[in-house]
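For reference, the chain that follows is the form predicted alone, supplied as structure tokens.
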Amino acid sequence: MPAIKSLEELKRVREEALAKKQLKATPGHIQVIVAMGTCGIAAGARDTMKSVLNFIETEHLSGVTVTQTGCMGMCEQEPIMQVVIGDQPKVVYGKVNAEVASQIMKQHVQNGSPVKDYVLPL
């Protein structure tokens, strides 16, 4: 992360962080949950979360709630992400890196079609 060299730059970074925090707190009928336990973070869950939030921001999606949870007990499948749309059954994805997270957001969250290659059988 580059150093902040001016008050204006600090204000800009603060506003960006607040906007991302607001995206996480906005209630909606679509819920995206990223497992952020120690094993998930070690496997790259932070990049997965960043990718989800960036996608929502760039695509101006509304009605999507993004939350995090702890370890889901399937450490070998981390990073794990769940998508719940309305009253449909939840879909759990494994091995979700930043690129796969973007693909899931586009194909499943935006268009309603799960990305079958990464769905975990439960």
Partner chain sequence: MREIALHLLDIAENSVSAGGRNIRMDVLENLQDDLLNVSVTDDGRGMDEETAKRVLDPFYTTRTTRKVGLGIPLLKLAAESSGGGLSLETESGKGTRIEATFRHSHIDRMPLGDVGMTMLTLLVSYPHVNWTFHYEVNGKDGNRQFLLDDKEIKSALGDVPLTEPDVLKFLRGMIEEGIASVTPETVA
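None of the values given here were measured: they were computed from a predicted structure. Residue numbers count along the first chain shown, from 1. Note that the rigid core is defined as the largest set of C-alphas that superpose within 1.5 Å between two forms.
Keep in mind the form predicted together with its partner chain is missing from the figure; the text below concerns it.
> Tell me, out of Gln77, Gln82, Gln68, Asn97, which residue has a non-hydrogen atom within 4.5 angstroms of its partner chain in the predicted complex.
None of the others qualify; the residue that does is Gln68.
> Can you work out whether Leu7 and its partner chain are in contact in the predicted complex, taking contact to mean some heavy atom pair no more than 4.5 Å apart?
Yes, Leu7 lies within 4.5 Å of its partner chain in the predicted complex.
> Answer with yes or no whether Lys50 is in contact with its partner chain in the predicted complex, where contact means some heavy atom within 4.5 Å.
Contact check for Lys50: yes, within 4.5 Å of its partner chain in the predicted complex.
> Would Val92 sit within 4.5 Å of its partner chain in the predicted complex, counting heavy atoms only?
No.
> Considering non-hydrogen atoms and a 4.5 Å limit, does its partner chain approach Lys106 in the predicted complex?
Flag for Lys106 set to no.
> On a core-based superposition, does Glu15 travel 2 Å or more at its Cα between the shown form and the other one?
For Glu15, whose C-alpha is compared between the shown form and the other one after core superposition, the shift is 2 Å or more.
> Pin down for me whether the Arg46-Arg14 Cα distance shrinks or grows in the predicted complex relative to this form (closer or farther, change of 3 Å or more).
Compared with the form shown here, the C-alpha atoms of Arg46 and Arg14 sit farther apart in the predicted complex, by 3 Å or more.
> Taking the shown form as the reference, report whether the CA atoms of Val64 and Lys11 lie closer or farther apart in the predicted complex; the distance changes by 3 angstroms or more.
Result: closer.
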